[in-house]
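There is one chain below, alone, in structure tokens, taken in the form predicted on its own.
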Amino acid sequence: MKTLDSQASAALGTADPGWLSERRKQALDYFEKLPMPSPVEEVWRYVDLDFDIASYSIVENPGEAHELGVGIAAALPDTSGSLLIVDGHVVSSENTEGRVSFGSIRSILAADPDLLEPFLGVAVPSDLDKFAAAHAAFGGEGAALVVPRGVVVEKPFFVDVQATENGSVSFPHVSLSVGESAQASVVLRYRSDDGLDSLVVPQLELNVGANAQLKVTVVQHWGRGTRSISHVRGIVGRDANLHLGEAGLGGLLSRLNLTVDLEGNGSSANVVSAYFGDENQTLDYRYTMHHQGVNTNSDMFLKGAVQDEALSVFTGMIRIDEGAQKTDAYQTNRNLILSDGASAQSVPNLEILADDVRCGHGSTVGPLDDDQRYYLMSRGLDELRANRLLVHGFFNEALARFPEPAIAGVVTSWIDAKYREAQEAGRV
């Protein structure tokens, strides 16, 4: 394993084209200067990082990959391409759609050193925090998809990201670019074993050209010992749409920092999340929807539940620039507290600089509804089954909005099983 130092950064960047090498060097400088984040910072409020990124090391050779799994395999029987990332290394890649570039970042750069320059490593600033700096300084491998103008791809692409080695840190990168009037869908899965102590710092870059459509479905299923600090940035052009769905089920700590920039006039974004924390998990969501163009619209819709000693955090921001007139934006965050020791923080925010807008937010935190339970029990259900049906129905509203309905079905079954196991163990 390699420690996070200048020698490791230089070794990892030996195949970089010149423009990427300069970005790596600058990021290393930020990494060496920036401290670990602290909960005294507003953007890290509610979360105490009880580890140091420097205590983890980079794996030189990836471990043994896990099988795809029955649920996902059944949900994605036919794809346009698939790619497997293990411990930060691309170990397999397949592209059956000849009209697009899809594969490992290294292979695409080898074929065309300039193809990814406009957007690779640009969306997430490397000075954002120590984790973003580390990603740019010590990453560089992952998946890239470039869909040319006017190309419509019907079948989804699939990217499977795994962590397998104890004490490891990895920086998987996924860069998706859809050209003008093009369409594509991507399913991204994160996972590791429960007993694994690892740190993963993914980045997901989304570039949606004018009049284009991009659907992205993320399933976060890290093991209980894995910490993940993820950055996602979407840039949406004129009359284009980004549809992003995220399921958060795993991880000791899983943080998702998402920013969507609606730059083009008439652009739109639909972001939906369903998350369920138990035991001592922390699921941390920091979402920003930035309206810049005229006549843009967005919808953030998140539903989550926590039980045992779990903590969920949502801080959402809708920012509307002065010139972003005729904006229509809303954010919703609903939370269920299923155990006395669990807690949820929900902090929606609005920053509105334009005057011709329609904007709002809704936020709730509370237990299952007694009246709804009473109604179901009056129809013959016992209390356990009534509660089970209430939890299922609570998440259904969010999962029904997912970009890939088949994946939503798999997530539904995992959520149902997670709550049922807690009931059978007497934890809820």
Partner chain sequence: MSLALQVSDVKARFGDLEILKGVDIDVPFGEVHVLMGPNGSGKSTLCHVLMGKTDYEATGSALVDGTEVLGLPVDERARAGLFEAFQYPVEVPGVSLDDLISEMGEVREDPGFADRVEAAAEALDMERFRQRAVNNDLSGGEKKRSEMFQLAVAKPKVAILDEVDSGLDIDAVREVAHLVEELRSDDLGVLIITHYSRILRYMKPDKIHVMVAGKVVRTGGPEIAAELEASGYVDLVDGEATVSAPDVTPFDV
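Since the model is a prediction, treat every value here as computed from it, not as a measurement. Positions refer to the first chain, counted from 1.
The next section is about a form of this same protein that is not shown, the form predicted together with its partner chain.
Remark: of stretches 375-383, 39-47, 355-363, 25-33, the one touching its partner chain in the predicted bound form is 375-383 (heavy atom within 4.5 Å).
Its partner chain is not shown here, and in the predicted bound form it never comes within 4.5 Å of any heavy atom of H66. With a 4.5 Å cutoff on heavy atoms, A54 does not count as touching its partner chain in the predicted bound form; it lies far away. Residue contact check for D371: one or more of its heavy atoms lie within 4.5 Å of its partner chain in the predicted bound form. In the predicted bound form, P367 stays away from its partner chain, with no heavy atom inside 4.5 Å.
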